[in-house]
Ligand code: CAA
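Take a look at this one chain, the form predicted on its own, written out in structure tokens.
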Amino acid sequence: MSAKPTVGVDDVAAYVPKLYLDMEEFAKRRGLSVDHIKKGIGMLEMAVPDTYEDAATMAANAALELLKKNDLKPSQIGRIYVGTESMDDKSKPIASKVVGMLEEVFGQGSFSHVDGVDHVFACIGATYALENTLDWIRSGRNRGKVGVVIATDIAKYDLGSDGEYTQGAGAVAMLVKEEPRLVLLEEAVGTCTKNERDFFKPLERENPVVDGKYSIGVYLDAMKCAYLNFLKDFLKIVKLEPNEAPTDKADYLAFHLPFPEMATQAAAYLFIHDWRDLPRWKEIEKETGPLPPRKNYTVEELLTEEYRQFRKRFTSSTQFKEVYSKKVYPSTIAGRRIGNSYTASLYFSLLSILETQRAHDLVGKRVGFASYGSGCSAKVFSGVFAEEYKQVSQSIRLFEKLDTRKRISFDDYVRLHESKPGSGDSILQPQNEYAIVKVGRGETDFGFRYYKYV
């Protein structure tokens, strides 16, 4: 029997709206603590879509850049899978819109042969799309073709709500193939799925129903469940030395970021679990005091003041700060300037590592990925940077895109927040990108969004 091919992410392209709101201005206009927003939540800037943008245009713009810089022909692509929770249609997937937009550039019918579908499970949808595509290639059913996986979302909450200051938007398109040049994804995967009410979007509402504090507990609980399942496979790949924890085998950790400082809480919970039976824990407890006992291992226990205060002390411990600064913090920097991008959040964390670690040689370095979607599901998996990663990553230019955005006023932000996509009256005019040019109002096209490459 032939060996399974090495599969992973060969290249990546990112799209971020060209407008942003400075969070210091947001905090002042909302009467909130600037220190809480910038340090407690970790938000510095919020990506804001213009009226000609939606999740489909962002996905198509990221996909077009990915295809062009890799000189890919439509005939080489077997599927375009999208992870999103920002659909504007209860039936038609964003994937089909991306196909239509790409055909404006590559020719009518040029993508008619591809599989195109959306994966919807809150913020984890793109990870399911990626895993599905990896398995498609490993099985050989791709017949030599490559896959394109796109994470695209706009995080939007009610004005004045607790979630408003975590909003953001963006898309990441990934080229998935054999012998990847960027990240080789290992086969160990741990999954956890439960029925929770921490965050959901009833059909009769435009914006989600969120139980913020409870959602944090559900995130941590599901992530630990997925991590334990991940270790069943991962510990067959690596060998732990005496007094070594599984997380010691990761050089970097990338988390889903509903807000940037969530990485601190998630990393703390993970390291507490990983380190508490090792000799290093005695030194940690000298700074933190004893770990509070847990009786029933429920989400509610994670949210008690006693356990919350212990996690806070733990994040101030010498060992945590040292490991966090090296392994976790680099992955959060992009998110601090974008905000929550739901399915794209985890993959912006990967790009953040690549952008901030350019001075280091990452060949062979392992990244642990922690993906989460409310409702809820979590996946933990890992990958290793390939030998050609540096050459590939130089063309991603995420931070350059962030640096060239236009800052808008708080009043413009509010106006855009309340505007419908395609309503006109945009702040910028689209240039060399896909845009909504019309929204149907007729009997047979009511609400249908028309797109064009401008």
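All residue numbers refer to positions in the sequence shown, first residue = 1. Just so it is clear, the structure is predicted and the values come from calculations on it, not from any experiment.
This next part talks about the form predicted in complex with the ligand, which is not shown.
Checking Y157, W275, Y128, Y324 against the ligand in the predicted complex, a heavy atom within 4.5 Å turns up for just one residue: Y157. S33 is the sole member of S395, S33, S419, S409 with a non-hydrogen atom lying within 4.5 angstroms of the ligand in the predicted complex. By the 4.5 Å heavy atom rule, the three marked residues V210, K213 and I216 all count as contacting the ligand in the predicted complex. Mapping the unseen interface onto this chain, K249 falls outside it, with no heavy atom inside 4.5 Å of the ligand in the predicted complex.
When the ligand is considered in the predicted complex, Y165 lines it closely, a heavy atom lying within 4.5 Å. Interface residue remark: S349 is not counted as part of the site for the ligand in the predicted complex, having no heavy atom within 4.5 Å. At least one heavy atom of R308 is located within 4.5 Å of the ligand in the predicted complex. Stretch 309-317 is the contacting one of 86-94, 328-336, 110-118, 309-317, since its residues have non-hydrogen atoms within 4.5 Å of the ligand in the predicted complex. Residues of 355-380 lying near the ligand in the predicted complex, listed in sequence order, are Y372, S374, the criterion being any heavy atom within 4.5 Å.
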